[in-house]
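Quick heads-up: it's one chain on its own, the form predicted alone, in C-alpha coordinates.
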(Lines give C-alpha, C1' and ligand atoms only; values in the text may rest on other atoms or scores of the structure.)
Protein backbone atom coordinates (compact mmCIF):
# COMPACT_ATOMS: atom_id res chain seq x y z
CA UNK A 1 0.00 0.00 0.00
CA UNK A 2 1.23 3.47 -0.83
CA UNK A 3 2.22 5.13 2.45
CA UNK A 4 1.72 8.56 0.88
CA UNK A 5 -1.86 7.75 -0.16
CA UNK A 6 -2.70 6.19 3.19
CA UNK A 7 -1.26 9.14 5.10
CA UNK A 8 -3.16 11.66 2.98
CA UNK A 9 -6.51 10.02 3.74
CA UNK A 10 -5.64 9.28 7.36
CA UNK A 11 -4.91 12.97 7.88
CA UNK A 12 -8.29 13.91 6.45
CA UNK A 13 -10.23 11.40 8.54
CA UNK A 14 -8.25 12.33 11.66
CA UNK A 15 -8.85 16.08 11.39
CA UNK A 16 -12.35 16.48 9.95
CA UNK A 17 -15.81 15.52 11.14
CA UNK A 18 -18.03 13.66 8.69
CA UNK A 19 -20.06 16.79 7.90
CA UNK A 20 -16.83 18.59 6.94
CA UNK A 21 -15.96 16.07 4.24
CA UNK A 22 -16.66 17.35 0.75
CA UNK A 23 -18.31 14.08 -0.32
CA UNK A 24 -20.42 13.57 2.82
CA UNK A 25 -24.05 12.53 2.28
CA UNK A 26 -26.45 12.49 5.19
CA UNK A 27 -29.00 10.94 2.83
CA UNK A 28 -27.70 8.16 0.53
CA UNK A 29 -30.99 7.88 -1.37
CA UNK A 30 -29.36 8.51 -4.76
CA UNK A 31 -27.31 5.34 -4.41
CA UNK A 32 -30.22 3.41 -2.89
CA UNK A 33 -32.38 4.37 -5.87
CA UNK A 34 -30.03 2.47 -8.17
CA UNK A 35 -29.76 -0.40 -5.72
CA UNK A 36 -33.55 -0.72 -5.80
CA UNK A 37 -33.33 -1.32 -9.57
CA UNK A 38 -31.31 -4.43 -8.77
CA UNK A 39 -33.56 -5.44 -5.85
CA UNK A 40 -31.02 -7.77 -4.21
CA UNK A 41 -32.31 -10.24 -1.67
CA UNK A 42 -31.36 -9.92 1.98
CA UNK A 43 -28.13 -11.81 2.48
CA UNK A 44 -26.57 -10.64 -0.79
CA UNK A 45 -22.91 -9.63 -0.52
CA UNK A 46 -22.00 -6.03 -1.39
CA UNK A 47 -18.52 -4.58 -1.77
CA UNK A 48 -17.65 -0.94 -1.06
CA UNK A 49 -14.14 -0.20 -2.39
CA UNK A 50 -14.01 3.08 -0.43
CA UNK A 51 -16.36 2.72 2.52
CA UNK A 52 -14.95 5.71 4.40
CA UNK A 53 -17.46 6.72 7.08
CA UNK A 54 -20.44 6.64 4.73
CA UNK A 55 -23.99 6.54 6.10
CA UNK A 56 -24.76 4.22 3.19
CA UNK A 57 -23.25 1.43 5.27
CA UNK A 58 -25.89 1.88 7.97
CA UNK A 59 -28.69 1.65 5.40
CA UNK A 60 -27.23 -1.47 3.81
CA UNK A 61 -27.00 -3.18 7.18
CA UNK A 62 -30.65 -2.33 7.91
CA UNK A 63 -31.56 -4.05 4.63
CA UNK A 64 -29.83 -7.25 5.76
CA UNK A 65 -26.87 -7.40 3.39
CA UNK A 66 -23.46 -8.93 3.91
CA UNK A 67 -20.84 -6.19 3.44
CA UNK A 68 -17.19 -6.10 2.43
CA UNK A 69 -15.99 -2.70 3.66
CA UNK A 70 -12.68 -1.54 2.23
CA UNK A 71 -10.75 1.68 2.60
CA UNK A 72 -7.18 2.82 2.13
CA UNK A 73 -7.51 4.74 5.40
CA UNK A 74 -7.40 2.70 8.59
CA UNK A 75 -8.54 5.83 10.44
CA UNK A 76 -11.74 5.89 8.37
CA UNK A 77 -12.37 2.22 9.08
CA UNK A 78 -11.76 2.75 12.79
CA UNK A 79 -14.36 5.54 12.85
CA UNK A 80 -16.83 3.47 10.87
CA UNK A 81 -16.33 0.45 13.14
CA UNK A 82 -16.84 2.61 16.23
CA UNK A 83 -20.17 3.82 14.81
CA UNK A 84 -21.71 0.61 13.48
CA UNK A 85 -20.11 -1.91 15.81
CA UNK A 86 -19.13 -5.48 15.02
CA UNK A 87 -21.18 -8.02 13.12
CA UNK A 88 -20.68 -11.38 11.45
CA UNK A 89 -22.16 -9.75 8.33
CA UNK A 90 -19.12 -7.48 7.97
CA UNK A 91 -15.80 -8.24 6.28
CA UNK A 92 -13.25 -5.48 6.99
CA UNK A 93 -10.51 -4.79 4.46
CA UNK A 94 -7.75 -2.14 4.70
CA UNK A 95 -6.38 -2.05 1.16
CA UNK A 96 -5.38 0.13 -1.79
CA UNK A 97 -8.06 -0.90 -4.30
CA UNK A 98 -5.68 -0.33 -7.21
CA UNK A 99 -3.42 -3.16 -5.96
CA UNK A 100 -4.10 -6.92 -6.20
CA UNK A 101 -6.51 -8.07 -3.53
CA UNK A 102 -5.32 -10.33 -0.70
CA UNK A 103 -6.56 -13.89 -0.48
CA UNK A 104 -9.80 -14.55 1.32
CA UNK A 105 -11.93 -11.68 0.02
CA UNK A 106 -15.33 -13.24 -0.76
CA UNK A 107 -17.00 -12.97 -4.18
CA UNK A 108 -19.73 -10.35 -4.26
CA UNK A 109 -23.12 -9.77 -5.83
CA UNK A 110 -22.86 -5.97 -6.06
CA UNK A 111 -19.92 -3.55 -6.21
CA UNK A 112 -20.85 0.01 -5.15
CA UNK A 113 -18.35 2.80 -5.75
CA UNK A 114 -19.27 6.36 -4.91
CA UNK A 115 -16.31 8.68 -5.53
CA UNK A 116 -13.38 6.25 -5.39
CA UNK A 117 -12.35 5.39 -8.94
CA UNK A 118 -11.98 9.03 -9.98
CA UNK A 119 -9.06 9.47 -7.54
CA UNK A 120 -6.95 7.00 -9.53
CA UNK A 121 -4.88 8.84 -12.14
CA UNK A 122 -2.21 6.42 -13.35
CA UNK A 123 -3.32 3.95 -16.00
CA UNK A 124 -1.74 1.05 -14.09
CA UNK A 125 -3.84 1.95 -11.04
CA UNK A 126 -7.06 2.25 -13.05
CA UNK A 127 -6.42 -1.12 -14.66
CA UNK A 128 -5.69 -2.61 -11.25
CA UNK A 129 -9.03 -1.32 -9.96
CA UNK A 130 -10.98 -2.94 -12.79
CA UNK A 131 -9.00 -6.17 -12.45
CA UNK A 132 -10.12 -6.40 -8.83
CA UNK A 133 -13.69 -5.62 -9.82
CA UNK A 134 -13.75 -8.43 -12.38
CA UNK A 135 -12.16 -10.82 -9.90
CA UNK A 136 -14.88 -10.28 -7.28
CA UNK A 137 -18.21 -9.65 -9.02
CA UNK A 138 -20.12 -12.85 -9.64
CA UNK A 139 -21.76 -13.67 -13.00
CA UNK A 140 -25.19 -12.08 -12.87
CA UNK A 141 -23.90 -9.51 -10.37
CA UNK A 142 -24.03 -5.74 -10.65
CA UNK A 143 -21.67 -2.77 -10.45
CA UNK A 144 -22.68 0.79 -9.61
CA UNK A 145 -20.10 3.48 -10.37
CA UNK A 146 -20.68 7.08 -9.27
CA UNK A 147 -17.81 9.37 -10.27
CA UNK A 148 -17.20 13.03 -11.07
CA UNK A 149 -18.48 13.65 -14.60
CA UNK A 150 -16.51 15.26 -17.41
CA UNK A 151 -18.07 18.65 -16.63
CA UNK A 152 -17.41 18.31 -12.90
CA UNK A 153 -14.67 19.66 -10.67
CA UNK A 154 -11.10 18.74 -11.55
CA UNK A 155 -9.99 18.17 -7.95
CA UNK A 156 -11.31 17.05 -4.57
CA UNK A 157 -9.75 16.59 -1.12
CA UNK A 158 -6.59 18.27 -2.38
CA UNK A 159 -6.12 15.73 -5.17
CA UNK A 160 -6.52 15.85 -8.94
CA UNK A 161 -9.25 13.69 -10.44
CA UNK A 162 -9.85 11.57 -13.52
CA UNK A 163 -13.33 12.63 -14.58
CA UNK A 164 -15.56 10.13 -16.42
CA UNK A 165 -18.19 9.87 -19.09
CA UNK A 166 -20.54 6.90 -19.30
CA UNK A 167 -18.82 5.99 -22.54
CA UNK A 168 -15.40 5.69 -20.91
CA UNK A 169 -16.80 3.76 -17.94
CA UNK A 170 -18.55 1.34 -20.28
CA UNK A 171 -15.41 0.82 -22.34
CA UNK A 172 -13.34 0.13 -19.24
CA UNK A 173 -15.92 -2.29 -17.83
CA UNK A 174 -15.61 -4.49 -20.91
CA UNK A 175 -18.05 -6.46 -23.05
CA UNK A 176 -19.16 -8.86 -20.31
CA UNK A 177 -20.77 -5.98 -18.39
CA UNK A 178 -23.93 -4.47 -19.85
CA UNK A 179 -25.12 -0.97 -19.02
CA UNK A 180 -28.49 -1.14 -17.24
CA UNK A 181 -29.11 2.49 -16.24
CA UNK A 182 -27.27 5.79 -16.18
CA UNK A 183 -27.90 9.28 -14.83
CA UNK A 184 -26.20 12.66 -14.69
CA UNK A 185 -26.64 13.80 -11.10
CA UNK A 186 -25.71 17.05 -9.38
CA UNK A 187 -24.64 16.54 -5.78
CA UNK A 188 -24.68 19.49 -3.40
CA UNK A 189 -21.81 19.11 -0.97
CA UNK A 190 -21.85 20.21 2.71
CA UNK A 191 -20.49 23.62 1.71
CA UNK A 192 -23.28 24.29 -0.80
CA UNK A 193 -21.12 23.67 -3.88
CA UNK A 194 -22.47 21.74 -6.87
CA UNK A 195 -20.62 18.60 -7.93
CA UNK A 196 -21.77 16.97 -11.19
CA UNK A 197 -21.58 13.17 -11.02
CA UNK A 198 -22.25 10.40 -13.48
CA UNK A 199 -24.00 7.29 -12.13
CA UNK A 200 -23.77 4.10 -14.18
CA UNK A 201 -25.22 0.69 -13.27
CA UNK A 202 -23.93 -2.46 -14.99
CA UNK A 203 -24.88 -6.12 -14.95
CA UNK A 204 -22.36 -8.91 -15.51
CA UNK A 205 -23.46 -11.51 -18.01
CA UNK A 206 -24.46 -14.89 -16.59
CA UNK A 207 -21.53 -17.12 -17.45
CA UNK A 208 -19.99 -19.99 -15.51
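Since the structure is predicted, the reported quantities are computational estimates derived from the model, not experimental observations. Residue numbers count along the first chain shown, from 1.
Below, we refer to the form predicted in complex with a small molecule, which is not included among the displayed structures.
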property: Heavy atom of residue 115 within 4.5 Å of the small molecule in the predicted complex; result: yes
property: In the predicted complex, residue 152 touching the small molecule (heavy atom, 4.5 Å); result: no
property: Close approach of residue 119 to the small molecule in the predicted complex, 4.5 Å, heavy atom; result: yes
property: 4.5 angstroms heavy atom contact with the small molecule in the predicted complex for residue 50; result: yes
property: Candidate stretches 134 to 142, 119 to 127, 100 to 108, 82 to 90 - the one whose heavy atoms come within 4.5 Å of the small molecule in the predicted complex; result: 119 to 127
property: Every residue of 34, 147 and 165 near the small molecule in the predicted complex, heavy atom within 4.5 Å; result: no
